[in-house]
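This document starts with one chain, in the form predicted on its own, laid out as structure tokens.
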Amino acid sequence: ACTVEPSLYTVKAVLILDNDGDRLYAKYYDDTYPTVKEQKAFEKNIFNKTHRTDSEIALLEGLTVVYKSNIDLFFYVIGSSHENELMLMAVLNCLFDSLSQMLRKNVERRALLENMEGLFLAVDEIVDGGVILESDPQQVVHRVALRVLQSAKEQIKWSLLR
């Protein structure tokens, strides 16, 4: 029997695609797809396989993919084929619920594009280098708000020092 050593590195990628399958956000945590060309080909493949289905889990190119769609967005969390789908789903739900709170339940393309900084910060709070750090959306939203506030304070400080 082949056993796989447990690892904290559970997430291989977090993707958000629009309803044409084009990338709005992509963060890859390993070199499964080292070039942008390979990443975009994978993203097109994943979109073509999932955009017409109602399921939440797919096995694709030897990877476990959990996904969810909302209005004109498709959210994906990708792990290895032996990864626990529930762990990946916890990341997906945390990301979606965090964005839902941050965007005041208006989780759609335009609102997301207007709040990319919040998206970047949220993903960084949830996953770091492929390791899941947080699965509670309340905590993520709180930490993102603190980081945005800190950033605003820095900008004000530097504008006053000019």
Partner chain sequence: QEARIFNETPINPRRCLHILTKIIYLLNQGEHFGTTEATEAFFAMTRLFQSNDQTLRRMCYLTIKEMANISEDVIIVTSSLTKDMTGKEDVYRGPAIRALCRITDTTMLQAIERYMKQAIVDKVPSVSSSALVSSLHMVKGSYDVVKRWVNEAQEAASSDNIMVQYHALGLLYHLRKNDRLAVTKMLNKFTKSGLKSPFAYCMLIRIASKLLDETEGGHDSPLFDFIESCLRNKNEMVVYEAASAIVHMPNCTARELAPAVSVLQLFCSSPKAALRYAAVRTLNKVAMKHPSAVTACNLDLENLITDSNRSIATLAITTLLKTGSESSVDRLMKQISSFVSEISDEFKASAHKCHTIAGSHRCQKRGWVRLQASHRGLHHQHHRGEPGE
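Predicted, not measured: the structure shown is a model, and the values here were computed from it. Positions refer to the first chain, counted from 1.
Form predicted in complex with its partner chain: not shown, discussed below.
Undergrad: Please check if residue 97 has a heavy atom lying within 4.5 Å of any heavy atom of its partner chain in the model of the complex.
TA: Flag for residue 97 set to no.
Undergrad: Report yes if any heavy atom of residue 121 sits within 4.5 Å of a heavy atom of its partner chain in the model of the complex; otherwise report no.
TA: Judged by the heavy-atom cut-off of 4.5 Å, residue 121 is in contact with its partner chain in the model of the complex.
Undergrad: Give a yes/no on whether residue 87 approaches its partner chain to within 4.5 Å in the model of the complex, heavy atoms considered.
TA: Residue 87: contacts its partner chain in the model of the complex.
Undergrad: Within a 4.5 Å heavy atom cut-off, is residue 144 in contact with its partner chain in the model of the complex?
TA: Flag for residue 144 set to yes.
Undergrad: Is it true that 13, 51 and 111 each have at least one non-hydrogen atom within 4.5 Å of its partner chain in the model of the complex?
TA: The answer is no; none of 13, 51 and 111 reaches its partner chain.
Undergrad: Which residues from 44-73 come close to its partner chain in the model of the complex, meaning a heavy atom within 4.5 Å?
TA: Those in contact are 55, 56, 57, 58, 59, 60, 61, 62, 64.
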